[in-house]
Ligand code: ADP
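Below sits a lone chain in structure tokens, taken as the form predicted on its own.
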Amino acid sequence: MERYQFQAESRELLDLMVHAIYSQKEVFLRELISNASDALDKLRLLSLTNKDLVPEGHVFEIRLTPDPEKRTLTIEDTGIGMNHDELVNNLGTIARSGTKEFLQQMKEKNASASDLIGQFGVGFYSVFMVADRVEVFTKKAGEKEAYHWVSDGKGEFTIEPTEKESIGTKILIHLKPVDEENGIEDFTSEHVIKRIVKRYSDFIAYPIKMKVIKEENKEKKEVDETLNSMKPIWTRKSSEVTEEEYHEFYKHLTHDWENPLSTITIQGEGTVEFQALLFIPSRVPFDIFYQSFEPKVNLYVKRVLIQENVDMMLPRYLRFVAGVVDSPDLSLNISREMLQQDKTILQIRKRLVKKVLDTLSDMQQKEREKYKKFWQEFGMILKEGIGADYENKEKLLSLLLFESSAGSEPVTLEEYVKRMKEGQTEIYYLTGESRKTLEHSPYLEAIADKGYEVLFLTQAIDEFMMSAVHEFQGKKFRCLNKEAIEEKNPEVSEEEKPVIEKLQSLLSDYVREVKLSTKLVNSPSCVITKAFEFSPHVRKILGDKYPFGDERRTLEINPKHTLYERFKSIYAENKDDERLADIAHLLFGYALIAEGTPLPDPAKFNTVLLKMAEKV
């Protein structure tokens, strides 16, 4: 017998789950049945290419066996099973990729653990809410050895070889005493078990069987009863499915703890026949920006699972959408390579994308608060599609929400265009780290007197996105803190040229060019990025991995500001006066601070500032 310790985080999570206040302890059965269904799915999928995995006459099923006298409940499946290493990894380490995040969410939200189980692969451990001890007997398909796993959930578990004829997994739960006040019902009761299965697992595609006593011809007999309808939920008419049933199926599919934000049903007819049931989650998955993230979309052919986590059914920017797609027009043994080239898949994908985007558009127009919640969670991901999906570019642009100088409410591009001022021909926007910084930006001075609305773009992806966008409804975009492509330098008099050249020489380490500004009104200076270059905000996020070449930018000077006037007068008196360097660094430092960019030499700037202050 081998004895193992749970990892420290796993022990902490187990303790929270067992001793926290739970609202619905019955969900443990939902989680175990879902795991059993997953195991059956995996075996059926693998058997399509390796028929030797499934013995002759093998029955795909889940069986529940309550024993009121011994206070035990057994859940057994005929699925893929586990070997020794999988037992250690799957049942010995809770939520390997997300335990820290899970624990943090529980602590921050003060959440009921029963509402959170499943999100990070901890569904199995919900059993310890109702169990004093749990035994697992398992044998993996294609292997000879079977194993026995035992734990009381208090810090350790044991594994030893055992005898088991059939493949699959059997979980023997030694139940705690009934305690109705604390949510522990009699989970050996036939009535209780039937109620839980009907509520949470009616849609499971495999029979969930249990021995029951029935009276026939005044004789009582023990017979098998199938507790679930087994009719896939996506094949039923939406009018016949309750919202709760859709939500439970979503949780079964994704192991999310929250209800989805939106449910989408699609019936494809005509040249391509298919059915789809898709969900938009309420919250962004914690690992969605990992390269290893897999979309939770499963592909079925005639109700038979042929591939899980299919990434070609929807574009990358819709990877947060979960659901199932079922089509009779595909081959049961279709491979991944064939999927990528299959015309039917491409047609289905096109229909799915259109339906999802239409659903989001309806939500934006009819349920604005709900859409704002969606945008807060998934807006940054949706923006990825602007430069990647040319066919749906206009639709995606209409779905964007922006912070705006017009108020605190986010606006759409269509709303912006509708309230453009008379004579306004461009859509103005600013990029930067925060709205607060942009609201006080000197770049706004150029259009402040005209009352033009300005969009504030504060995410790093915004600059990438806008590089793929040129106009909306015939209105071109104009970034106020970048040079316009057609912008020409203002004319400089012969008298002023040497002054500008002096400024340029004093700041040559930091700026590429110094020129007089036609935009500034009150501010003495600002820095401008070239039209096709990234701002310092984006460069900072990308870090040293990307060589940017010459990172110097253009410094624009307000020719009417007293600070520049002072520079000119000192220059006229003495072209080598040390005060010229001080004013030059003050102009440059002000411009950086105004746009929220760190100073290259804060100590030097502070010295100059103090020196100037002493002369006031």
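Note that residue numbering begins at 1 and tracks the sequence as displayed. As the structure is a prediction and not an experimental result, all values here were calculated from the model.
One more form of this protein, predicted in complex with the ligand, exists but is not displayed; see below.
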item: Region of this chain that lies against the ligand in the model of the complex, out of 555-563, 585-593, 568-576, 39-47 [heavy atom, 4.5 Å]; value: 39-47
item: Contacting member of Val454, Leu413, Leu330, Met82, with respect to the ligand in the model of the complex [4.5 Å, heavy atom]; value: Met82
item: Among the candidates Thr169, Thr529, Gln275, Ser404, the residue which, in the model of the complex, approaches the ligand to within 4.5 Å (heavy atoms); value: Thr169
item: All of Arg319, Gly385 and Asn392 with a heavy atom within 4.5 Å of the ligand in the model of the complex; value: no
item: 4.5 Å heavy atom contact, Leu91 to the ligand in the model of the complex; value: yes
item: Non-hydrogen atom contact Pro260 with the ligand in the model of the complex at 4.5 angstroms; value: no
item: Distance check, His255 to the ligand in the model of the complex, heavy atom within 4.5 Å; value: yes
item: Gly123, heavy atom within 4.5 angstroms of the ligand in the model of the complex; value: yes
